[in-house]
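Have a look below at one chain only, the form predicted on its own, in structure tokens format.
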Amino acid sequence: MRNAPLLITYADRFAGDLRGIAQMLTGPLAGAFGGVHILPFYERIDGADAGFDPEDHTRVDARIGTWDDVADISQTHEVMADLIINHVSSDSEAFRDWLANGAASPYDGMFCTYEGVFDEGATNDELCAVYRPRPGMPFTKFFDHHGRQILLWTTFTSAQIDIDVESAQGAAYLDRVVDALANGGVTLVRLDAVGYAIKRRGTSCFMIPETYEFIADFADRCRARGMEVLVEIHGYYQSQIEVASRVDLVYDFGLPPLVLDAFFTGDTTVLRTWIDIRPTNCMTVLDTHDGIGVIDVATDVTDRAQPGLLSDERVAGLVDGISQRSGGTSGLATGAAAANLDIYQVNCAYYDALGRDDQQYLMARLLQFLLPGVPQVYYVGLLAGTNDIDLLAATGVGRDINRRYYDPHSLSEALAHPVVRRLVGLLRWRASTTIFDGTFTHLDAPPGRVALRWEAHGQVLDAELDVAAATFRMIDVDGTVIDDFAHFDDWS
């Protein structure tokens, strides 16, 4: 894929629909992005998990457009889409047909049952070993066509039914989805929730050896249709490094919390350690449609003897720092305070997490753009959006605090904000600067600072960011000295 910034957005929450995204990318945001990750646009976009519980993964929700609209975007920008591996909606035709008809259903065998994994029952230790992204057990009771109660795997919510991806029916379903995406102009797929796809008794049922084998096989099926593959995995940082060595692309989920930690403490030691060991076949992020990961830098939740990048005390300080800088609003959307309970992240807009400090926010983006990897920017972060308390109150879903809806007026208003104009200029600069395909060096720097260098084709770019003082100095490839984000006004 092209080494240029990638926008990640919902169609309906950012620009109204798919055509609106196309108009933004070729209009106000022209030159800022090389591609776009359109978050689930399948039927239906407003299910129990904002589209991540598709009823029909092969159809575009008619309220936001068609496959032709996706293909139109692909004419000017690379398009990434979610391939939701692990589950479908409990309202999907396949699941309803199977519940109604059992063995007579063409979908018999497609869904993952408790008995399919624990055919002789499960011990206490076996159940406790299952890794969970949510509290409680990963099972939900349903009634089959005989009226008998059955337990089905529901790793995320009771409305998201896990697929038996190793069954003929599950494999055929996923192949139909892959074909639909490839035919629709998608060139990059994100394998959503793939870490949970393979279940084996006596294991964590998360990123076990068989999962790696499945990912490798499935990635080949996608590549055969001309699509690159990005794997989304939250977990212990050493596991992330291992995953990255075995797949095409991963997210750098360690970066967002470590950047915040550096700004909160004025100490760049841990951040600089991560820069030295992090995967580089990655997408760099600061914010996404989910929260700010904690599990990615904390002690291994499956083995407390394995220390994290940050100590337990420093993780607690990070969470408290986000709460303080967001005026306590992150606490309203995180943990037991909200539904869609997450055990591994803090739900908060990144701009709010930095206390709406424009200088620190732009410095965080500059650091993101200077590190190896393809930078991805979330639509709320692009617009320096703040926590949406009204949406959170209306839905009770913690992640909705950072999933704001923009109408044309609020969108235009946000684009005119000085910090947004400078961020768009910074994006255009990053998209047009080819040195980032060259050689990267992490330089020595005084405490509280980060120093980086890029070299290619006889050109050099040097940058030093003083996180403690919230200042920076960069020497661009043409020798221009940049130490003020006002420089990027000319690009906006």
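As the structure is a prediction and not an experimental result, all values here were calculated from the model. Numbering starts at 1 and follows the sequence shown.
Omitted here: the form predicted together with another copy of the chain. The next part is about that form.
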- Query: So which of Asp276, Glu120, Asp220, Glu313 gets a non-hydrogen atom within 4.5 Å of another copy of the chain in the model of the complex?
  - Reply: Glu120
- Query: Of Tyr406, Phe369, Tyr114, Tyr107, which residue is found within 4.5 angstroms of another copy of the chain in the model of the complex when only non-hydrogen atoms are counted?
  - Reply: Tyr114
- Partner proximity in the model of the complex: Ala416 to another copy of the chain, non-hydrogen atom cutoff 4.5 Å: no
- Item | in the model of the complex, Val130 touching another copy of the chain (heavy atom, 4.5 Å) | yes
- Non-hydrogen atom contact Leu151 with another copy of the chain in the model of the complex at 4.5 angstroms: yes
- Is there a heavy atom of Val301 lying 4.5 Å or less from a heavy atom of another copy of the chain in the model of the complex? yes
- One stretch from 244-252, 188-196, 276-284, 130-138 that, in the model of the complex, holds residues within 4.5 Å of another copy of the chain by heavy atom: 130-138
